[in-house]
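Consider the single chain below, provided in structure tokens and representing the form predicted on its own.
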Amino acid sequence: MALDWVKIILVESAGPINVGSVARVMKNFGLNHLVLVNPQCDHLGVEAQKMAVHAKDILESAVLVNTLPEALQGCTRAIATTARIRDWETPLLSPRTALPWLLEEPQQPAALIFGREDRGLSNEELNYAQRFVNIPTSSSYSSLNLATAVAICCYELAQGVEIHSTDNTVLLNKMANADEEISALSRHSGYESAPLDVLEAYYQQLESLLLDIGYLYPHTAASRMEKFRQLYNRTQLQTREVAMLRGILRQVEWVIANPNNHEKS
């Protein structure tokens, strides 16, 4: 069963050998969608194609974008990999614990994000994910090669799909049909999980308003907004809920801009 709804996103990957190896392991485990954010190497060069072996098609179909938000366009779930212990309430999870979450909504695009070979993902880039994966390694040598990290995560994803597909087939087919019906109704009614680009637009509007009213200050805005992102990411907001929140912000903005027209009820 191909993991057609999961994107593998590499941020500013510098090594063509790594990129080619990533394409190969993706094909090994049934993943087809590679997205390269501002790549620092030629993903179609000789070295990359040599390492890809029979997965050259994944390199050729790779999508190139300039920023991580562009790569996450349309995704409703995103997991980022990181080796750092962060001072966040959101815990770092193992691949086996975290990655099945990407399999829960196979009809919705999802993303697994990997950072640079030398320094991983920045704090700002980690803000775009809802969950975080750390691959446990030996304390005597904790540095893990990018392609190896991708391989471990792809394997765990494939195992999760296999477990789902080898259970009671009849029951699963019934569940799939029911899920499809529910999903169609949800999409029609606005109950589906909000895409990450929709959430990002809300965060930008919220930050702008909080700066305007003096709740946030420019020099601390980024760190304070991290807390809001963590809060909302834990709730898994629906599209209609984001629309409601943005409506509230628009009304507040209107009242601020038109104080004389605002009448108390």
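Each residue number is its position in the shown sequence, starting from 1. Just so you know, these numbers come straight off a predicted model, no measurement behind them.
Not on display, but discussed next: the form predicted in complex with a small molecule.
- At a distance threshold of 4.5 angstroms between non-hydrogen atoms, residue 192 is out of contact with the small molecule in the model of the complex.
- Using a 4.5 angstroms limit between non-hydrogen atoms, residue 121 touches the small molecule in the model of the complex.
- Within 4.5 Å of any heavy atom of the small molecule in the model of the complex lies no heavy atom of residue 98.
- When contacts are judged by a 4.5 Å heavy atom cut-off, residue 130 does not count as touching the small molecule in the model of the complex.
- Contact with the small molecule in the model of the complex, defined as a heavy atom within 4.5 Å, holds for exactly one of 78, 146, 161, 71, namely 146.
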